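Next up is one chain by itself, shown in structure tokens, the form predicted alone.
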Amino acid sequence: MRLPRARGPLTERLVACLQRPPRSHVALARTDGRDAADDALALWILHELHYRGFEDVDDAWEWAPSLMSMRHHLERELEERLRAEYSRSEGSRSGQAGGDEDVVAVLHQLIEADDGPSLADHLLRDGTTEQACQLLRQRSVYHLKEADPTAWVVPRVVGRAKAALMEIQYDEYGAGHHDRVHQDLFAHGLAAAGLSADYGHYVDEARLPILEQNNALSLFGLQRRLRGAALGHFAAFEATSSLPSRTLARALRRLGLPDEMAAYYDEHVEADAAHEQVALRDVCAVLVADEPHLREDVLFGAWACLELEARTARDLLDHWAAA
């Protein structure tokens, strides 16, 4: 993957910087008149230095102090905004009202109260092949590195929670079979559908909510202090993906996309139904029992998963309605 196209002055300076030899001190001052998409892409680029990097960027940039400063500011702004929105949400009030209630029960309340629109339902009822392909291109920004953001959390938890988390991660990475790695199954489906399976290929198309979804995942995974949020997000994702995966598989087949693409979602129908209980009870509940101060972060992470997915769905549905 090469560096994406800039979306504003911040990413213009960042891209220009990264194409030079690494230096310890680089001026990357913020400017007035900032744009949310410009900020989001800049943070995505900075996070990607910790994943697979860029063909046109020296790997020595990964831990450059000047980049760490920029990443810190962008991450802090994203986290503060999400926490402020969470504190005003019904989800926050549900968590506070739960008090000492079982954290699994409160997570179920958050999930059941989620009323975000369903992209899978739309595609099954009224969607077009082009809309399905656009969704796949948008989703590729995450699914081609599926489970990798959560892998950052593994060394940050211990005992039963670590073992349960690794049980799920083992499945995500193919349970020992290289041809069953979920991110590679998605790539295989993309190729069969005539789309690019190259990692990061469609980031120039990525809409703002997609970038923010990915940035939140990386933020939670890369920060040890946010391990509770990372695992709350993880549990909410596992608990809400089985039924939409079934619907999306049906929609893709209805729209004539190849079976290899639908098969990726077939894989998640049973897998995520099983993962749901492990993620809720053996990961999150155990984590909170071991570290009670992380309870609110677990709920915050679950809320962020549901809220950011709802924003992505509303954004794409509005985009398609306006087309």
Partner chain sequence: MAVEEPDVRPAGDGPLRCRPCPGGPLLVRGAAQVQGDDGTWHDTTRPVTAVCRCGASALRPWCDGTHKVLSQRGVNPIE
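Positions refer to the first chain, counted from 1. A quick note: this is a predicted structure, and the numbers were derived from the prediction, not measured.
The following text describes the form predicted together with the partner chain, which does not appear among the structures shown.
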Q) So, 167, 239 and 274: all three within 4.5 Å of the partner chain in the model of the complex by heavy atoms, or not? A) yes
**Q.** in the model of the complex, the one of 246, 71, 139, 201 near the partner chain [non-hydrogen atom within 4.5 angstroms]
**A.** 246
Q | Contact residue in the model of the complex, from 36, 289, 263, 269 (heavy atom within 4.5 Å of the partner chain) | A | 269
Q. Going by a heavy atom distance of 4.5 Å, is residue 281 a contact of the partner chain in the model of the complex?
A. yes
Q | Close approach of residue 175 to the partner chain in the model of the complex, 4.5 Å, heavy atom | A | yes
Q. Given that the partner is absent here, does residue 171 sit within 4.5 Å of the partner chain in the model of the complex, heavy atoms only?
A. yes
Q) Thinking of the partner chain in the model of the complex, which stretch from 252 to 260, 55 to 63, 281 to 289, 42 to 50 has heavy atoms inside 4.5 Å of it? A) 281 to 289
